[in-house]
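Have a look below at one chain only, the form predicted on its own, in structure tokens format.
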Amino acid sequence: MTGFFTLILRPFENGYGTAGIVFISILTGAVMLFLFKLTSNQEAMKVVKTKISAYFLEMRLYKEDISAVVGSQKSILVANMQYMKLALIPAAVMIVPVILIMIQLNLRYSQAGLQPGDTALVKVKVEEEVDVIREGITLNVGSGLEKASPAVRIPSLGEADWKIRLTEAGIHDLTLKSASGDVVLPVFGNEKLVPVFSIFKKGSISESIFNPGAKRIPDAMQIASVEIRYPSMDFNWGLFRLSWLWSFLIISMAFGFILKFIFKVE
């Protein structure tokens, strides 16, 4: 999935983030509409929607008759429940690809890489019952990075923190050394809109799904997680700014709603 999204979003890497989120949102709206039509009983949905329209018309025609209006409202409620039941299986089918798409977009559009001169906090958490002082964790930075503060170790939280500063654009390495081993992790200072990995943990199924492509902390190390805090990214739509999530949801749903009438999807 990560390789596939890197391929289709490559034309938008060089500063065209807005165009990229519009492109993938429109594509998602079209694909989800197709999946909905493919996995749903369109004939049954059409019958239910026709019934709902008829019950609304009945309410207007007999608006002076309270019992008739109440009866129509009950019928509308029952018909809506029937429609929701018919939509349950298509929704279940759609949720899997939508989650996978959102994971990929989150990697690319939730955080911005550092710019030269920017600082970032590096938070290292050790495993439970491990003494962060005795573990002796140190941080070394390669070219393109420098330490902006000395280590701050918090035994009560099992945490060690540093501030680093980017001095040169590009993807650079920092090395964490401890009594139980070493690990080299990337720091993203690239202007291209590539996946920015901010959290690193040991390998697991959940990490493979929700943080695909991130460097893993070796199992032998007593470090539970490493977090690098990058600036958040949002999109300027003129009168307002939105995160990638709201931008994606609004554009994909709006485009799907438009296509719904073109392709006659109930």
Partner chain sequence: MPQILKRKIPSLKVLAALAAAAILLPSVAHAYIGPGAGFAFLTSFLVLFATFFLAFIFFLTWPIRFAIKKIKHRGKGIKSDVDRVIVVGFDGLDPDILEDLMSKQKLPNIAGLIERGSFKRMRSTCPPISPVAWSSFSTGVNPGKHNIFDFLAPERETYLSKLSSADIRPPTRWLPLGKYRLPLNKPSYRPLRKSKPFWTVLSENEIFSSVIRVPITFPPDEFGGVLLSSLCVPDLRGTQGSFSYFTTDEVAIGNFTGGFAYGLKSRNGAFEGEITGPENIMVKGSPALKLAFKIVPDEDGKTAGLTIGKETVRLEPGTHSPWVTLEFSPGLGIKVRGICRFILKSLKPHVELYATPINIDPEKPAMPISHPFYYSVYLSKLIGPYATLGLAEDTWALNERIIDESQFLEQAFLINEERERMLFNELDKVKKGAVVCVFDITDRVQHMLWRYIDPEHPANRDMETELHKNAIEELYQKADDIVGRVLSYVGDRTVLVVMSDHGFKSFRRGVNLNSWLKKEGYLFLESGDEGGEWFEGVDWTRTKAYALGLGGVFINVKGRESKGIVDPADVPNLVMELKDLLNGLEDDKTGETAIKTAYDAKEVYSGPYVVEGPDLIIGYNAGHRASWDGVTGKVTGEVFTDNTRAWSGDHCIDPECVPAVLISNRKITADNPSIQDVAPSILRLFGVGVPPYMDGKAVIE
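Numbering follows the first chain given and starts at 1. Every value quoted in this text rests on a predicted model; they were computed, and no experiment measured them.
The following text describes the form predicted together with its partner chain, which does not appear among the structures shown.
- Though the partner is left out of this view, residue 51 does reach within 4.5 Å of its partner chain in the model of the complex, counting heavy atoms only.
- The closest non-hydrogen atom of residue 242 lies beyond 4.5 Å of its partner chain in the model of the complex.
- Shown alone here, residue 232 lies farther than 4.5 Å from its partner chain in the model of the complex, counting heavy atoms only.
- Among heavy atoms of residue 215, none comes within 4.5 Å of its partner chain in the model of the complex.
- Using a 4.5 Å cut-off to its partner chain in the model of the complex, not one of 8, 10 and 38 places a heavy atom inside that distance.
- Judged by heavy atoms within 4.5 Å of its partner chain in the model of the complex, the contact stretch among the candidates 73-81, 146-154, 111-119, 125-133 is 73-81.
- Scanning 59-80 for heavy atoms within 4.5 Å of its partner chain in the model of the complex gives 59, 60, 61, 62, 63, 64, 65, 66, 67, 68, 69, 70, 73, 76, 77, 80 in sequence order.
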